[in-house]
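Take a look at this single chain, the form predicted on its own, given in structure tokens.
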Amino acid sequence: MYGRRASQLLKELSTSEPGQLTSFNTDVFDQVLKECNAHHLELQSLMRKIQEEELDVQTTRNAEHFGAVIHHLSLMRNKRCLMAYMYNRAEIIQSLRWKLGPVLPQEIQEKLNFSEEEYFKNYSAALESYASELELDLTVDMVPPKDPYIKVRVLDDIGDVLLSDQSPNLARHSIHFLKRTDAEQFISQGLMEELLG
């Protein structure tokens, strides 16, 4: 049945955890592209038949016309499904850039196909370029903080780091009082956690 493979891609999106990226389904994606090419060839063939019989394409209602309509609608449906699949994945990739920074963890990178890796690099570069023009890091403080300093515990040995107002030794399990803007990058990478209260 036409469109079944394309709907598998959308079912995969709907069953996955919101905001989580699954591995790019290259096999099904390629099968849908092949099906689109087959619909396109059939559509061209049927349109040629109508033209060879010198029938008016607008008013003719024969088997070739209805076959062409079916192939055209199937082709359009598959394209919409492919676009929805790519668009939703692109939205997740954008949100990962805001949450995790310019470098994705290896387990997420393995889930991307080549074009998505390029999209992430280009999106990241555009975001960094815009932020540098503003001279402002847009990825920190998405909600305005009550206090510019936070108390953090280091989860993994980071070592000596030069921060905006100090250069502490961020040893594992040490507790520090840091500027929120300095700590955000380490928190998003899972290297430290904010201590509340």
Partner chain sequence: MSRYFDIDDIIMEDEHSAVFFKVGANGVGLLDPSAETNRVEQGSRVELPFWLANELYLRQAVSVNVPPCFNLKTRREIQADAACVDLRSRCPYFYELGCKVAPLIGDRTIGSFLLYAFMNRFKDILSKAHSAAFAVAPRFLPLLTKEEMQLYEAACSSMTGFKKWRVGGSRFEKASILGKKKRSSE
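Numbering follows the first chain given and starts at 1. Not measured: the values here are computed from a predicted model.
Note that the form predicted together with the partner chain isn't included here; everything after this is about it.
Q: At the 4.5 Å heavy atom threshold, is D137 in contact with the partner chain in the predicted complex?
A: Result no; D137 lies far from the partner chain in the predicted complex.
Q: Is K121 part of the interface with the partner chain in the predicted complex - any heavy atom within 4.5 Å?
A: So K121 does not count as contacting the partner chain.
Q: Under a 4.5 Å heavy atom criterion, is H71 part of the interface with the partner chain in the predicted complex?
A: Yes, contact at 4.5 Å.
Q: Although the partner isn't part of this model, could you tell me whether G67 comes within 4.5 Å of the partner chain in the predicted complex, counting any heavy atom of the residue?
A: Contact with the partner chain, yes.
Q: Pull the contact list for 81 to 118: residues with a heavy atom within 4.5 Å of the partner chain in the predicted complex, in sequence order.
A: Read in sequence order, the residues that approach the partner chain (within 4.5 Å, in the predicted complex) are C81, M83, A84, Y87, N88, L96, K99, L100, P105, E107, I108, K111.
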